[in-house]
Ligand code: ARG
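Below you will find one chain, with nothing else, as structure tokens; this is the form predicted on its own, and questions on how it binds or moves follow later.
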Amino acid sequence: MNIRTLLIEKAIAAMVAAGLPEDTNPAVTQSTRPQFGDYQINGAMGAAKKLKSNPRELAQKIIDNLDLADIAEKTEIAGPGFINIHLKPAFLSTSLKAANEDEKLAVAPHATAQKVVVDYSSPNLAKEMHVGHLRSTIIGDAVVRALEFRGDDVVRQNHMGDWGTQFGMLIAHLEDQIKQGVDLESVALADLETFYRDAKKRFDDEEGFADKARDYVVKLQGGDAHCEKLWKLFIATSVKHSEEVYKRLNVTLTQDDIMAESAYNSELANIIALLKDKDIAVESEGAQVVFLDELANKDGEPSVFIVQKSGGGFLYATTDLAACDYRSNKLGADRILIFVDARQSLHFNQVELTARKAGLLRDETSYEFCPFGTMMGEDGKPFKTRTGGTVKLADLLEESITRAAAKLAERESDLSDEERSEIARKVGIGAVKYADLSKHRTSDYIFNWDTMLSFEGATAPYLQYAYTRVRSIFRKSGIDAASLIADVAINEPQEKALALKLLQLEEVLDLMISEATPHVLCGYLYELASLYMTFYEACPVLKEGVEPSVRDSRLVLCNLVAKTLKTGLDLLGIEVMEQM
């Protein structure tokens, strides 16, 4: 259930009945303080300004036509024309019961499911995944999970970099390694970074190697069987590295989701021909270039978008245009979401403008570039190793698990070593993910081990621990949460505050999905856990003397908190545990 959407529908009907235009914005928001009600309709002031009328009088007309008999116990005008809505405890109770009895917590599927293509992670297969791939991978995956939860048809696209000049260098080096009898799995690609550095050193220093590498690029692009065999061997091993990271990181990408750059090779010449036929691309110094007046600089010079090099070679630009055509025209996407570093903003603006001019993107397809900021070290610079090198993502995750194990070892527990190890894995991975996802997507953030692994504040360990605390209540009570059916009585302010928060999950998911911002879900889960702690202190559940009906009512609230925390954390790709 989405209470806000329901109130928007009711408010629009009341405004139309009061003589306002149908497109009047009701401006329905959650109230910031209990004394202002639970929700507010703030649209009267904006409408009154347009009509040059009295906002309080207009607000009264809206209230006179507002049908909230089954929803609100009181509506009132406040200030210059705010309409405060106080929801009925009976409405909250019925809604909570429905949520408790539904496996998806009464979060309804979208009325009209959309086909959404989500481009995320996209590592370069010439190297191992590093911390720079973390944000694209986990932000994209959280949004994908939320879209599917709401019933959209999601197509994951892992646009891996598996083509280009560097692969001639790599397969030439790989060929020599194989000739020397080096075992591919255990030595040659056991460390992709070392393999790449060795190949690059040979390219820079070894006589004849660079020429051989360039020759291999031409052969590879021309379909040479030997080069293609070596390339596929390298790609297969590189993909295996990525899949191991995905599994550890608990993201939903699989090999079936790979739609790498090479997948579009057969279409690139056609893309260039189309751009030339439509006079969108013109020759400039031997290259094919699109000049975009829409992105002109302050001197009025158009933005230069090269789509084919002077030697005939294709670029990322060409591949991205082909991807637009495939996703919009062939897959029929309603939305395309692309999670890439903010520094590529200009490139994707150029891609969209060019693609729309050429018909590679239909008007009906929304093309949404979703940039993200940078993970920074304590020094305020992009996160690096102590020696200034790139931090491998696999190493970062392993260190987090090790640090989580050390933290857990400080806590008293009767858990076995195997159980502790599993919990450390969930806490360590969850800590890294939540620390990132809880920041606004477009923001840079400082990476700090102590903060992210803390059991206090807005962290994954705090939320995971909150979940285990709720679950422990049912172990103590001996009551099976799954079979608990009881009416929820909303009598105390802490009960109402918790009930309202529980019923706002769908609102949060809608905002997260529309803006591709997982931090709103992170914030919601932290607020829910905090409200639960306040509720638990003020409203005894298992204390002696508590009436069975009151106990069961509060146990339903506890159960819904646990289910909502688990569901929300799962949508973020973070696992919970029954004990810590």
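Numbering starts at 1 and follows the sequence shown. Only a predicted model underlies this, so the values are computations on that prediction, with no experimental measurement involved.
Only in words, not in the display: the form predicted in complex with arginine, which the text now covers.
When arginine is considered in the predicted bound form, only one residue from R150, R135, K392, H159 comes within 4.5 Å through any heavy atom, namely H159.
Of the residues E352, D119, D325, E506, just one reaches arginine in the predicted bound form with a heavy atom at 4.5 Å or closer; this is D119. This chain is displayed without arginine, yet in the predicted bound form the stretch 312-320 from 413-421, 198-206, 399-407, 312-320 comes within 4.5 Å of it by heavy atoms. For Q344, a non-hydrogen atom is located within 4.5 Å of arginine in the predicted bound form, even though that partner is not displayed. Contact check for P123: a non-hydrogen atom falls within 4.5 Å of arginine in the predicted bound form. In the predicted bound form, arginine sits within 4.5 Å of a heavy atom of F348. Contact check for L500: every heavy atom lies farther than 4.5 Å from arginine in the predicted bound form.
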